[in-house]
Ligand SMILES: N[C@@H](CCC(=O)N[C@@H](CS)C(=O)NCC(=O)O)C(=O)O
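Just one chain follows, in the form predicted on its own, and it is written as structure tokens.
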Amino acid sequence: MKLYHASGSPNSRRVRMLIAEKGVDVELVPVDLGTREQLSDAYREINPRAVVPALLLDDGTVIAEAPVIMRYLDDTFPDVPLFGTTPKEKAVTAMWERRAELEGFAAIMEGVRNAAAGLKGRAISGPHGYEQIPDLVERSKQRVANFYGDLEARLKAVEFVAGDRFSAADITALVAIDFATRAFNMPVPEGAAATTRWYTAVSARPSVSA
């Protein structure tokens, strides 16, 4: 298998972390977003949507979209389950991973893509061009603040985002927080004791550097 990825892509990092947690042997193929290599004809043959990451299987099948790649790898290599093992665990984990993506990760991405000068005409990732809407940036920051509040409430009740053990939901939430810290200067808020406890523990895992 080959994973087409970019070192600075938070979505790529989500998949790399899952790969590292599972100890799977996947060849990493870099895609240079700085030169917009993702928009090249060569890369569009791999992923017509022109985004990273994309997973190329040995039989030539391409699986794109970070959450889908994560689920595929978890199902294919079940020895270290990161989406649960029972139907209930899988559903709960998928629910919390989805919330971390929509309420945290996506909110940050919306703000970044509508603010960055280098993304003019590229406010939404993919093969089509969209103009930026600067007014969305402040809304995105409010969404991130709300994400932190909701996450704190959740982590007061459980050890990890999806329950009592580390999962894909923790990967997405961690990447979202690191993304918010870098892009918006919005780290875990002071006084968020439960989130700080969780963030310290999860950040110590070796997969964080993947």
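Residue positions are given as counts along the sequence shown, with the first one as 1. What you are looking at is a predicted structure, and each value in this text was computed from that prediction instead of being measured.
Below, we turn to the form predicted in complex with the named molecule, even though it does not appear here.
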Among the candidate stretches 7-15, 21-29, 182-190, 197-205, which one is within 4.5 Å of the named molecule in the predicted bound form when only heavy atoms are counted?
7-15
V112, heavy atom within 4.5 angstroms of the named molecule in the predicted bound form
no
Just to confirm, P48 within 4.5 Å of the named molecule in the predicted bound form by heavy atoms?
no
Does the named molecule come within 4.5 Å of any heavy atom of L33 in the predicted bound form?
yes
Taking the named molecule as it sits in the predicted bound form, is V52 near enough to touch it, meaning that at least one heavy atom pair lies within 4.5 angstroms?
yes
The single option of E159, D178, D150, E65 touching the named molecule in the predicted bound form, heavy atom within 4.5 Å
E65
May I ask whether Q38, R122 and S125 each come within 4.5 Å of the named molecule in the predicted bound form, counting any non-hydrogen atom?
yes
